[in-house]
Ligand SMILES: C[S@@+](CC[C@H](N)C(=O)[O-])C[C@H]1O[C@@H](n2cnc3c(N)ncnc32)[C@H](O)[C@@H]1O
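First comes one chain, alone, set out as structure tokens in the form predicted on its own.
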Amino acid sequence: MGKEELIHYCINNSQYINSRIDAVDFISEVLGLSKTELILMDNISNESTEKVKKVLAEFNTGKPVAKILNSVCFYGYNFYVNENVLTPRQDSEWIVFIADKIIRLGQKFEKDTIYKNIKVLDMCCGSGCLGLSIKKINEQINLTVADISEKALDVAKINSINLNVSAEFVQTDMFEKIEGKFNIIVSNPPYIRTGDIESLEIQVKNYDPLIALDGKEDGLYFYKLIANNVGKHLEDDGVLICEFGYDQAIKIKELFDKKFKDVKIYKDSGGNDRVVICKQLKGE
């Protein structure tokens, strides 16, 4: 089938694909191609065409492509995902980028020394996409990934094997079983208000686990736990990097300002407040 014919087929046969851009994104994801690679193609093989049509039929039920294929590209790496973990989003790649920049610059904020024996904790790790990506590009770090869900940790372990990345895996309710201190703590905890979950897109509320979405009544439950416990587990010159909801920046900053001397908010690629970076702990 010709590429253009397949693009129009997807547009005409799915309520979720409403434009050429949507169709190109969908076909590229299904076939594991970049959008540039797809655009440069004239024809698509019969085998690939049938794969796109088969995935489209399941996609039309509301199931996201990543959960159909059990695979998603994150920070340039393929991650295995299933119903037990949140599907990694592109916005979360900012956390990896920032952590990598800190490590590569050897920046300890108060000292111009290169990090040695860097310890990184990925709290609420899910698929492990944050911590394992950081470790993949910085093999020298010591990585711990933690989650309350045993099934999520099973997924993270599969990804560590697939990526050939070593890590310590800890099943814990937040910091309950975490020992020692870390130079960098990253986290993308649940931050959706309980009352807002029902209004989420079907691709999210029906196919991402509730435990990875529900941030309790105000969406800030897990950030409060992090703020109250981070002092015990972060080196004095360490860095905390967290993702949060687009409308939570003011409350997030107020919360972490109580624990850190330096708190900054950064926007994602869509222009929404998305990541908080905290450094220089205040005295407890």
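The first residue of the shown sequence is 1; numbering continues from there. The structure presented is a predicted model; accordingly, all values stated were derived computationally and were not measured.
Same protein, other form: the form predicted together with this ligand, not shown, and the subject of what follows.
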From the list 174, 118, 158, 137, which entry has a heavy atom within 4.5 Å of this ligand in the predicted bound form? 174
Assert contact residue (this ligand, in the predicted bound form, non-hydrogen atom within 4.5 Å, options 202, 197, 148, 105) equals 148
If we take heavy atoms and a 4.5 Å cut-off, which stretch out of 119 to 127, 137 to 145, 160 to 168, 177 to 185 is in contact with this ligand in the predicted bound form? 119 to 127
Residue 222: heavy atom within 4.5 Å of this ligand in the predicted bound form? yes
State yes or no: in the predicted bound form, is some non-hydrogen atom of residue 92 no more than 4.5 angstroms from a non-hydrogen atom of this ligand? yes
Residue-level contact is defined here as any heavy atom of the residue lying within 4.5 Å of this ligand in the predicted bound form; does residue 98 satisfy this criterion? no
Going through 72 to 105, which residues have a heavy atom within 4.5 Å of this ligand in the predicted bound form? Please give them in sequence order. 86, 88, 92
